[in-house]
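Next comes just one chain, in structure tokens: the form predicted on its own.
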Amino acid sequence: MQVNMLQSVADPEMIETLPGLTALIRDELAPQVVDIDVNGTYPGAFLHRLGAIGGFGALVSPQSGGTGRGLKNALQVIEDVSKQCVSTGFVVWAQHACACYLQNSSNPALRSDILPLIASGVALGGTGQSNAMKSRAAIEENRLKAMRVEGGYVVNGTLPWVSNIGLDHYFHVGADVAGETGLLVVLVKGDSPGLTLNQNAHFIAMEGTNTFACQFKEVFVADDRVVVHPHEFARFRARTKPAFVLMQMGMGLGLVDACVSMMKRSNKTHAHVNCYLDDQVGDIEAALLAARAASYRLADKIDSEAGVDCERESIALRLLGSELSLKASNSAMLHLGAKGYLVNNAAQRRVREAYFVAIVTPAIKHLRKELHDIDSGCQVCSA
């Protein structure tokens, strides 16, 4: 199968994100991209190798097995992977999101026992927070309910889709507890008694993400696997949400970078007719460079100014990433024309990936609602 290798858009800050990352993506990920997209192959071996070179340790302290390189480094790793494959970039984001929650937990058992495995890529994991995030924004009801019992909690309910999981994977979920205003967040493993994983849906893209429906039936979660008790949730949310949301910009930045490269290649032979299209490569590239610079600045701000409220900034940037992804992928498809319509061509894949960037939680409509709620003073998510 033909593989489209992409030349990254130049930027003064774009030096190698992590020693060995460029070669790993070129040698291990790029040859699999079509197989991941068409056949839904999960890039597990690549993820383990990425973890071995420090690709999941940016948000984790060295004491817990991480690199401590910071949020910008995590964002850049996701971006570099997404230049080749947003499906893989998404599961890399999920792994970082799992690490982020464990690093910020007050539970020392999680930081000592599980976090080093996640940070090193020895264990893989995801985040089942889509439904919980939407419930906190008053978009839908929380599907998981938990009851306090001796030594922990019992969780019941069903989540439709959770990604980057499996029987040997970890993932965290948010559940409502009767009488509590804050969420309970717990870490579970795919083989937990009472937990059933079903792969009962097929998607037009992102098939290689190990996405399962999760049914919880009397799943016991011990206290040493609690990420956040309900009374801790408000402070935890303030610490983690901006990073959780901003890291998703890596998918958008990587995708737009790939689209710009495709448009430039097309213009080598078809600039005389591509010039009649609405969105030109120079405009898309300028928007990409501005969004990248803003994302990196905000990442540094979140790291360096603990306690500063960066939620609105992260949401607004994430919204920009969705909108720019849709515009860039549409323009790239039109630039390539019939070539882009071939099943193995990256252009049509990028269109499908862009819609994922726009609808994965938080989706465009979710982001706009949260911005409206913040700006109007309607703090439905404040608990």
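Just count from 1 along the sequence shown to find any residue number. Quick caveat, the model's predicted, so the values are computed rather than measured.
A second form of this protein, the form predicted together with a small molecule, is not displayed here; the remarks below concern that form.
*Asks:* Decide whether residue 303 counts as a contact residue for the small molecule in the predicted complex under a heavy atom distance cut-off of 4.5 Å.
*Replies:* No.
*Asks:* Could you tell me if residue 365 has a non-hydrogen atom within 4.5 Å of the small molecule in the predicted complex?
*Replies:* Yes, contact at 4.5 Å.
*Asks:* How about residue 225: is it within 4.5 Å of the small molecule in the predicted complex, going by heavy atoms?
*Replies:* Although the small molecule is absent here, residue 225 would stay clear of it in the predicted complex, with no heavy atoms inside 4.5 Å.
*Asks:* With a 4.5 Å heavy atom cut-off, would you call residue 220 a contact of the small molecule in the predicted complex?
*Replies:* Flag for residue 220 set to no.
*Asks:* Just one of 140, 168, 113, 279 has a heavy atom within 4.5 angstroms of the small molecule in the predicted complex, so which one?
*Replies:* Comparing distances to the small molecule in the predicted complex, the residue within 4.5 Å is 140.
*Asks:* Can you pick out, from 295, 76, 127, 88, the residue that has a heavy atom within 4.5 Å of the small molecule in the predicted complex?
*Replies:* Flagged contact: 127.
*Asks:* In the predicted complex, do 163, 206 and 359 all reach within 4.5 Å of the small molecule through at least one heavy atom apiece?
*Replies:* Checked in the predicted complex: all three residues contact the small molecule.
*Asks:* Pick from 190-198, 279-287, 96-104, 132-140: which stretch has non-hydrogen atoms within 4.5 Å of the small molecule in the predicted complex?
*Replies:* Result for this chain: 132-140.
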